[in-house]
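Shown below, as structure tokens, is a lone chain in the form predicted on its own; questions about how it binds or moves come after it.
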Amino acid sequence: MAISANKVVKIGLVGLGKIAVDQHIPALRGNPGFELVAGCSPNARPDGIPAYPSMEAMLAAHPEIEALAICTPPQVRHRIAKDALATGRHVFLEKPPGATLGEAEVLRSFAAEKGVTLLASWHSRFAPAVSLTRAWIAQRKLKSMHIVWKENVRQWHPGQAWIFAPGGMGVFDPGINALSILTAVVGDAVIVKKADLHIPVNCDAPIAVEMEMTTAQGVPVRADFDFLQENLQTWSIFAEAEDGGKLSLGMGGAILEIDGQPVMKEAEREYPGLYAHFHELIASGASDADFAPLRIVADAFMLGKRIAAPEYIE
């Protein structure tokens, strides 16, 4: 159902962990199109926001809430999102949109049935240099691409055991951000050819991955993901064109170099962009539920080789 583009949408947060506090709350407070009414979490109680132990309790106290952002771990996201959609509220899904493709597809169909907006959010697509990268690639015939996405799980996910549990995706949790950029900029389907999944002996999800892919047009794409990177974190994508041109997208899409020359270096503002997009979707009565990055992860798990890695100790 479309609304006025100037309407202030009352929104609630489901899940009040690190990502909600670091990104969602500041982005919502900086967007005049939303009013952050309340949040819910079994335990977390961040300052400055009314908080309830469950979504049901929050909605009972605040029936005026029109939209919900689901910021929980992916293993429980489907049930919560389906319940939210059933009440006729618009839903913003933190990435990934579900623990499985099947869950995500059910939500897409259910949102359409209920006539409400569903956003499968991929925040890295809103990094400053992604649109310029897409334009550069569109004008050339690519020779190859290489993703290097390495970060420290102990820094970004301290004490979060869910990330190595079934459905938590392990290093694919950050790696899917790179895959969301890849699928946005190549303008083509991406096919997984080989994946080595290094899984700690006490975990159920990989801590490192080497993956070989191609676009549907046959451009080779390699990805190296690592969850044990210390010191400088690496979030880079490199592209080489058949004419010799080279592109380097760094810091998750905030820095762009072309042929060795700096083109862009801007501060990260991904979540403000995401929420502006969400408001536009609600205003126009549309949804954005693209699951291409999740499909690549699913394919990697389907054909990937499991390699035992040392025990992970927090």
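Computed from a predicted structure; not experimentally measured. For every residue, the number given is its place in the sequence shown, counted from 1.
Unshown form predicted in complex with another copy of the chain; subsequent notes refer to it.
Mark D204 yes when one of its heavy atoms lies within 4.5 Å of a heavy atom of another copy of the chain in the predicted bound form, and no otherwise.
Judged by the heavy-atom cut-off of 4.5 Å, D204 is in contact with another copy of the chain in the predicted bound form.
Is H78 close enough to another copy of the chain in the predicted bound form to count, meaning some heavy atom within 4.5 Å?
Because a heavy atom of H78 falls inside 4.5 Å of another copy of the chain in the predicted bound form, the answer is yes.
If you check in the predicted bound form, is A178 within 4.5 Å of another copy of the chain, heavy atoms only?
Judged by the heavy-atom cut-off of 4.5 Å, A178 is well away from another copy of the chain in the predicted bound form.
Heavy atom to heavy atom, is A216 within 4.5 Å of another copy of the chain in the predicted bound form?
Judged by the heavy-atom cut-off of 4.5 Å, A216 is in contact with another copy of the chain in the predicted bound form.
Thinking of another copy of the chain in the predicted bound form, which stretch from 116 to 124, 239 to 247, 137 to 145, 100 to 108 has heavy atoms inside 4.5 Å of it?
Residues of 100 to 108 come within 4.5 Å of the partner.
Between 279 to 314 and another copy of the chain in the predicted bound form, list the residues on our side with a heavy atom within 4.5 Å.
Sequence-ordered list: L294, R295, V297, A298, D299, F301, M302, L303, G304, K305, R306.
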